[in-house]
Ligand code: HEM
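Here you get one chain, nothing else, as structure tokens; it is the form predicted alone.
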């Protein structure tokens, strides 16, 4: 087992910000076309599944490398959750997809990484994977742009880039990522998949369910089980951090590498509690509509939790463009 280290570095090529801004402008056109079809909404994770109120608890007595930012001392914060499907399109839950778990912790104290001004929010944007589907943003964005024109355009792109057999390998990998079995938001772990600063250190954050064995959600409605459970029981998750140790074991810039738990084990730093709540009726629908208008953005963060790495830097441009596209920037 290796020790957490402060030696991490980002490697930012010249002209990267301009390149990502160019991608963002192309993504805006896709978002505009999808909004004409479905109504105004996000580029990715367009279909919101459920909005939830939660409590974010920070444990006392954390080791010094973890006790930074919002984890600096024992505390309890209010939080809001948006569950989603990852697709560009609004489609049935039976369709293979990435599942999203966006968490907004409120009432924090810190300075915004974007503006330097005081902020009371810290967002953690998570998916049901421990790694990202691509090593670098450019590969993901190029494929996304082609996919927006249809499957054949994506296949032609992959053949041109990787050759025929390379295309087959890439499609196999993509199929495994999108088609990963998903039982329930009550029992599946979710992760930022990408690193953020924890003060002077860097880590990935995950939520590990502590709800015991539960029946799987219906495949055609991935939140039906949550609606039933939360009528009278809470849902609980351990909040855990996995720390950067060195550039080879826990790379910052390659988002496709799973950080080995044998070398860098997760440590529990708190818990997320989703208390029993009413998930139907006029009051809930009003709350859900408010959540749909919210920004959930890894860059909506305090300075101690700056996002790190190539894909996080690409997200900075892409998320802002998407927020402008739906009029919430």
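This one's a predicted model, so the numbers in the text were calculated from it and none came from an experiment. Residue numbers count along the first chain shown, from 1.
Keep in mind the form predicted in complex with this ligand is missing from the figure; the text below concerns it.
Considering non-hydrogen atoms and a 4.5 Å limit, does this ligand approach residue 122 in the predicted bound form?
Residue 122: no contact with this ligand in the predicted bound form.
Taking the shortest heavy atom distance, is residue 42 within 4.5 Å of this ligand in the predicted bound form?
Close contact exists here: in the predicted bound form, residue 42 approaches this ligand to within 4.5 Å, heavy atoms only.
Indicate whether residue 77 is a 4.5 Å heavy atom neighbour of this ligand in the predicted bound form.
Looking in the predicted bound form, residue contacts with this ligand do not include residue 77, since no heavy atom lies within 4.5 Å.
Although this ligand is absent from this view, report whether residue 132 comes within 4.5 Å of it in the predicted bound form, heavy atoms only.
Answer yes; at least one heavy atom of residue 132 falls within 4.5 Å of this ligand in the predicted bound form.
Looking at heavy atoms inside 4.5 Å, which stretch does this ligand contact in the predicted bound form, given the options 110-118, 235-243, 123-131, 221-229?
Of the stretches listed, the one contacting the partner is 123-131.
Between this ligand and 102, 194 and 315, in the predicted bound form, does every residue show a non-hydrogen atom at 4.5 Å or closer?
The answer is yes: all three residues contact the partner (heavy atom, 4.5 Å cut-off).
Only one of 137, 217, 202, 207 comes within 4.5 Å of this ligand in the predicted bound form by heavy atoms, so just point that one out.
Of the listed residues, the single hit is 137.
Taking this ligand as it sits in the predicted bound form, which residues of 218-253 have a non-hydrogen atom within 4.5 Å of it? Please list them.
The stretch 218-253, when checked against this ligand in the predicted bound form, contributes no residue at the 4.5 Å heavy-atom cut-off.
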